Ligand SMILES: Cc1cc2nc3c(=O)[nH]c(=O)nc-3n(C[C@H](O)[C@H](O)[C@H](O)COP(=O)(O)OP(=O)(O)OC[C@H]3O[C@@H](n4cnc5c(N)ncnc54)[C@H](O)[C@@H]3O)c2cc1C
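Here's a solo chain for you in structure tokens, the form predicted alone.
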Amino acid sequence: MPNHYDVIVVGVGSMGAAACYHLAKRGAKVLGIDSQQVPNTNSSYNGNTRVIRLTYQEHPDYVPLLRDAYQLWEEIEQESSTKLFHKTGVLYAGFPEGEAISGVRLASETHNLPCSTLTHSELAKQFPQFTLPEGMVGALEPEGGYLLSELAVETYVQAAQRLGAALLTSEPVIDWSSNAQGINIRTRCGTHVAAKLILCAGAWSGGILRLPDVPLTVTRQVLGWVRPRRPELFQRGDFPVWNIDPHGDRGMSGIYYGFPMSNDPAEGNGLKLARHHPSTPMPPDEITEETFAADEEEILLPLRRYMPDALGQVQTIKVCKYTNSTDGHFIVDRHPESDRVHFACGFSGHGFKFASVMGKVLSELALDDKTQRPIGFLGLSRFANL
């Protein structure tokens, strides 16, 4: 007979690792199942670091969740004696009508967040590392910074295991079913039984969720590290996390962002940067670690345009995955097939910073059938066909 668990978590990545921890912390008997090793480079959190920021340009309704996320990141740091968060501030640059500046202004005004505005001349004087077109302005958020993403997942998994959670890796889930008695999970090597199920399978969510009216697209994204020609200008302590919205400037689109340099090899070799913009959709199993000449050009373009002193040889390129919802917002809800099943998916390239609070939310949904945290705007009800 298979072991019976209180909760099974399918997908032990960013959200799943945190969910396993929060469940085990409440005394639940937990099994985490992942098709890969944990942590691994075939993931959405691949690439060492991820930005965390409070003045959330995507939508002001995320800010209350972010406040909880900050507190929960601090708690796991203290419990594990592991440094996961570096507060560097986040600099936003863009045209006043662009997504970054208008979104930051809305979030800061709605929630009374600390965020200073910079004129074009003030931006040039305070941050001479950038050469920005006339008309671009800035906003500086002091509470932002970055998280060590792969280390964070590993830290949550280890903390969950210390609290008694079991982990089954390199074990793809073939199917799941629900009935009045509970949940049955079938994997390649056997069947596992639980009272509740959490699905947070990242790029593989589309197949395992069985929700055809909630389309998800998976895209290949690249992250790069460059050796600047003047590295002394871009060191942590003197240089913030940055975010540039070209808003069509010279044909550029998406959001370009990056990190200060660090001497910590766990953060990569050089100055890290990337473009936040969904690439071409691909089946998740077709996305490999292979890189191409076009990837290098994607990394170098914003440096040529906006950061000439950072331009230099590309040191490393890594590949990660976005799992995109149709509106770019997360999807977190109870599964329509069963009250025993909850899920989180569609984090659309901006979800990692929420992993601490999403793990807590999923644990509350599984154990209490509700959460007091404001996730209503992320629910299935916004999709007309459901």
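This structure is a prediction, so every number in the text was calculated from the model and none was measured. Start at 1 and count along the sequence shown; that's the residue number.
What follows is about the form predicted together with this ligand, which we do not show.
Listed stretches are 172-180, 91-99, 293-301, 133-141; the contact stretch with this ligand in the predicted bound form is 172-180, by a heavy atom cutoff of 4.5 Å. Residue contact check for Leu216: none of its heavy atoms lie within 4.5 Å of this ligand in the predicted bound form. For the chain shown alone, Asn40 is a contact residue for this ligand in the predicted bound form, at least one non-hydrogen atom being within 4.5 angstroms. Although the partner is absent here, Asn324 sits far enough away that none of its heavy atoms falls within 4.5 Å of this ligand in the predicted bound form. Within this chain, Ala165 is remote from the site of this ligand in the predicted bound form, having no heavy atom within 4.5 Å. The single contact residue among Ile208, Leu84, Leu106, Ala195, judged by any heavy atom lying within 4.5 Å of this ligand in the predicted bound form, is Ile208. Of the candidates Val226, Ala201, Ala152, Ala160, Ala201 is the one whose heavy atoms come within 4.5 Å of this ligand in the predicted bound form; the others do not.
Contact residues in stretch 342-361 (any heavy atom within 4.5 Å of this ligand, taken in the predicted bound form) are Phe347, Gly349, His350, Gly351, Phe352, Lys353.
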